[in-house]
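Take a look at this single chain in structure tokens; it is the form predicted on its own.
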């Protein structure tokens, strides 16, 4: 076989080697090669995030500087933000939101840790049962949960008034969702019961992964249950606590569906939150620029609280 035949056969076997671009790809460093491949696979998710998250954020910030409604688009500068801090309804809604966050988040953390510590060492059947019970409100539809709570709080046929009257604690029915003295606390109770499922499951998982030898050694040395928790269990579940605190605070700040379905912000905005006020201002009053300014303020407040949490827990978290 002559040289020309050998060259032709070689070209048939490895034709891509003649392509300079292919040769550059084959000789590219491994880390760059993996980065490009990862970028290609991430491209659809990045595009989705850019279109449905980044772009709306940019538009919301931009339109917050305008008097933007159905038939008007006028530049106001910081006019919307100045008016917000003069708006009694917005200030009341912000106060209600902060009360919900401060009132519910610490109890969620403490109750979740208590439940997790109580059941994580039980048999798998018992542990699975309680995890399912506490996680049920999370996977149940919000509307279904609210229907049950509306029946509980009903002033005429609700089980809560019947129970308290039976015990002699009240003499007449209480309008739990219609009285300004009780409405916000009723919302806080519902928010608490619908928010404890995920933290309990996470804490049980974190406690189940602890090194039992350390706990047994501490118990042999005479450590009490509180000392074991304080010096062994608590430092090990700090990463879980950081995640739970941040996520719970963000979800509490964004409380909307409970308000809309239970009270619609009433009575007289005593249960209105910033998220509900954004919805009402944008879709009922069609003041989109003013509503976007509320959203920007809420995002800044959430970011501030999140930074505080990371600063507070950063020196205590051990991975």
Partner chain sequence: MKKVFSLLMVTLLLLVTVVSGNIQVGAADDLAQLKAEITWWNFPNFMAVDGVIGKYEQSIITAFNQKYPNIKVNLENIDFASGPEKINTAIQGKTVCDVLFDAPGRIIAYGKSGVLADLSDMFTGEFIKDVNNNNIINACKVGNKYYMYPISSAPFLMGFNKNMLEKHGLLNMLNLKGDRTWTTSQYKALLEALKAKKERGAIIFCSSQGGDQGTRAFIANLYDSSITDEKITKYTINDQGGVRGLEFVVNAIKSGLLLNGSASDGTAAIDEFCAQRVSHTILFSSGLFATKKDQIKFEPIMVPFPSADGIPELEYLIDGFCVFDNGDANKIKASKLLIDFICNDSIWGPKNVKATNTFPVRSSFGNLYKGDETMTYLAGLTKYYSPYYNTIDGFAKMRTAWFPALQAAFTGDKTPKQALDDFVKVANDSIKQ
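Predicted, not measured: the structure shown is a model, and the values here were computed from it. Numbering follows the first chain given and starts at 1.
The form predicted in complex with the partner chain is left out here; the points below concern that form.
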property: Candidate from 236, 76, 164, 175 lying within 4.5 Å of the partner chain in the predicted complex - any heavy atom; result: 175
property: Touches the partner chain in the predicted complex: residue 180 (any heavy atom, 4.5 Å); result: yes
property: 4.5 Å heavy atom contact, residue 72 to the partner chain in the predicted complex; result: yes
property: Residue contact check: residue 65 to the partner chain in the predicted complex, 4.5 Å heavy atom; result: no
property: is_contact(residue 263, the partner chain) in the predicted complex, heavy atom dist at most 4.5 Å; result: yes
property: Residues within 4.5 Å of the partner chain in the predicted complex, restricted to 275 to 289 and counted by heavy atom; result: 279, 283, 284, 285, 286, 287, 288
